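Here's a solo chain for you in structure tokens, the form predicted alone.
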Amino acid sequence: MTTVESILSRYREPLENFPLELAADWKKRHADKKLVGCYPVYHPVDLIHAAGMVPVGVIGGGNRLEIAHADSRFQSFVCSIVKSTLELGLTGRLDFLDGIVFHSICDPARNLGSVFKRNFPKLMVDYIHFPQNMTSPYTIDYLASEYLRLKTSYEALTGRPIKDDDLRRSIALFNEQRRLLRELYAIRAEQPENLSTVESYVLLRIGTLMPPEEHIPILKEALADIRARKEKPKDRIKVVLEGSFCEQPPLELIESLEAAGCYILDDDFLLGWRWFLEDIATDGDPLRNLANGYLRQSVYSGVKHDTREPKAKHLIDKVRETGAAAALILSAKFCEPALFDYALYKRALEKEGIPHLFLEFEEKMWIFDKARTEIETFVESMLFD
């Protein structure tokens, strides 16, 4: 049986160097397949798969990538992931992609889509306009039509139609992948001593770089290994982590948070790849099913404009339901959606008497001593209060 340790041994180093090389290497072994990059946070990857292509998470360049060209295209106060993604393109590290899709998460991401369109004319570059009004009776009609437009783009890219049955099969496949990921997170919330956040992150991240047909067996073997673990709990505080839904912190930073004395029961890493709280229906109109899922079955997020229920309430509920004692707000530097959310989260957490700590990170950061010291101080203040 494949163990989690062997999976980490194989994938951790590539993820820490240049994660997209895993997808580029896959492309070399499957030259007839087309790959489409998905910029965070959410993309209906089921549509890409139904077209016979492979969705690939283009989630920044990590802290090994030197920014030498992208700085001239963006202001200095723009978040790291925007610049590193453009740097990947300008240095040829995205040449294995046949297309890339952005969506309306923030102004820099919106501009990045336009910059890609201008700088890479041979690459299919598209953009999803997600609904800004979730209470309108026309929201599902609108989003289904937006998905139909995207479907047409994918059909033009592959030169083949996407039939409804193709899309239903892809939705069923991704339902299974998302179900396994929900189980992974449930284990971590209930028995964090048996699964570290770094382990679950690696298991999730590799799924953004390979087809679901290859990722699902890996998840099943890993879950079997994790279920057999009987680790002894350590003297740590239990927290939930919020604010890292787009740009991703370095693995060393995640590791430092745990080593400083935290069990992270839940987080919002790579949120778009586990976007739905339950399975998407596979009967009926598949485009409307995906649109309905976005409206009624998806997670809350700083980049989903939903006025039906405050995001702060969701965070408070998450803290209560997991049994966490505190919240860590880990926000990417210059991330406007996360910083706007923090103002709401801070007020709600203080009102409920839930301790929290706010930290900023950049994907290119190398030194973690300061963050670790802040976490250790926070943990000690709670353990010895």
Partner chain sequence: MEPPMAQTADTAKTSYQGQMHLLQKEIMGRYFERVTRAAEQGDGKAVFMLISGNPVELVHAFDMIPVYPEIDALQLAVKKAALPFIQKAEELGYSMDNCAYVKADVGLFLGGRKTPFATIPLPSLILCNYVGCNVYLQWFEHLAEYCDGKIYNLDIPFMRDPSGKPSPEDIAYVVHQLEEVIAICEELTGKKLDWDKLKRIVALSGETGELWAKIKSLTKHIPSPFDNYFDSVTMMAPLYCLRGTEDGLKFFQTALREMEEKVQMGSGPLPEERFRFVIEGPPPWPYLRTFRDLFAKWGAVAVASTYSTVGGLWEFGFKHDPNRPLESIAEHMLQWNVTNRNFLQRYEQIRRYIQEWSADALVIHSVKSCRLFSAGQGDMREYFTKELGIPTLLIESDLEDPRYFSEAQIKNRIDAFFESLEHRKLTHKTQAAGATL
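This structure is a prediction, so every number in the text was calculated from the model and none was measured. Numbering follows the first chain given and starts at 1.
The next section is about a form of this same protein that is not shown, the form predicted together with the partner chain.
Relative to the partner chain in the model of the complex, residues R12, V41 and S256 are all farther than 4.5 Å at every heavy atom.
With the partner chain left out of view, the stretch that reaches within 4.5 Å of it through heavy atoms in the model of the complex is, among 202-210, 274-282, 304-312, 93-101, 304-312.
Interface residue remark: E352 is not counted as part of the site for the partner chain in the model of the complex, having no heavy atom within 4.5 Å. In the model of the complex, no heavy atom of W26 sits within 4.5 Å of the partner chain. The partner chain is not shown here, but in the model of the complex it comes within 4.5 Å of a heavy atom of P337. Taking non-hydrogen atoms only, K220 never approaches the partner chain to within 4.5 angstroms in the model of the complex. Checked against the partner chain in the model of the complex, the residues R73, R178, K238, H215 give one hit for a heavy atom within 4.5 Å, which is R73. A single residue from the set Q191, Q297, N133, T152 has any heavy atom within 4.5 angstroms of the partner chain in the model of the complex; that residue is N133. Heavy atoms closer than or equal to 4.5 Å to the partner chain in the model of the complex belong, across 104-118, to the residues S104, I105, C106, D107, P108, R110, N111, S114, V115, K117, R118, ordered by sequence position.
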